[in-house]
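What follows is one chain in structure tokens, specifically the form predicted alone.
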């Protein structure tokens, strides 16, 4: 049986009046998620909230691959639910949310995402981004037209190309990964990494327990001006 240490924090930030982010921790499932809503504060709140509520209601199968399938199916059903809700309540205007989810079992895990909320792994004092943004600037990086280190500062850095609720059909990306004792994972919305670069994020993983890491990350974003909502979940594996 695996055990996890984790801490989830979310904050409106310094400039926004409403928090459109939602976070979810379900250690009994081995499931954590961050969702960053869009479409205006009310619609964004609803979108991200619907995602984490749906994920929290999953009954975990014993087989891990079936668990991955269940999370994917839940996100696809929520995609349709968001589109239906938009038609009924918001005259069909854009209503959606990014999502990044971490699934962990004994010694292995999965990262699932749509949009630009991210999952990082901190192992052996090295920070690695496991997700890959669905964004216009990532397309430029992939095409060799923009340096990766310049992506987060690009004027179109916040323009995403995929979100739950954004299109009729949702195809989430999935990356399977190994999990070693002592691995630390960070799920976050773009409000964090738009303020802190990878080096600034990495140095905060050495401050102590996961609660202190999460607090330092959030505080660091706030000290930089926190132009957007900021959400962080730090998970440490004990497998």
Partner chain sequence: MNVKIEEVNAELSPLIDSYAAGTLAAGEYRQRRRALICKVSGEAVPEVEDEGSAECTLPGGMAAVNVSETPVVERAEAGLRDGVPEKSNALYWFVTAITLLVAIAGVGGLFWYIFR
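Numbering follows the first chain given and starts at 1. Model, not experiment: these values are computed from the prediction.
One more form of this protein should be noted, the form predicted together with the partner chain, which is absent from this view; the next part is about it.
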property	result
Site test, 108, 160 and 173 vs the partner chain in the model of the complex, non-hydrogen atom cutoff 4.5 Å	yes
is_contact(residue 72, the partner chain) in the model of the complex, heavy atom dist at most 4.5 Å	yes
Proximity of residue 28 to the partner chain in the model of the complex, heavy atoms at 4.5 Å	no
Interface membership of residue 81, the partner chain in the model of the complex, 4.5 Å heavy atom rule	no
Residue 147: touches the partner chain in the model of the complex, heavy atom cutoff 4.5 angstroms	no
Sole residue of 54, 202, 177, 214 within 4.5 Å of the partner chain in the model of the complex, by heavy atom	177
Those residues of 45-78 which, in the model of the complex, come within 4.5 Å of the partner chain by heavy atom	62, 63, 64, 65, 66, 68, 69, 72, 73, 76
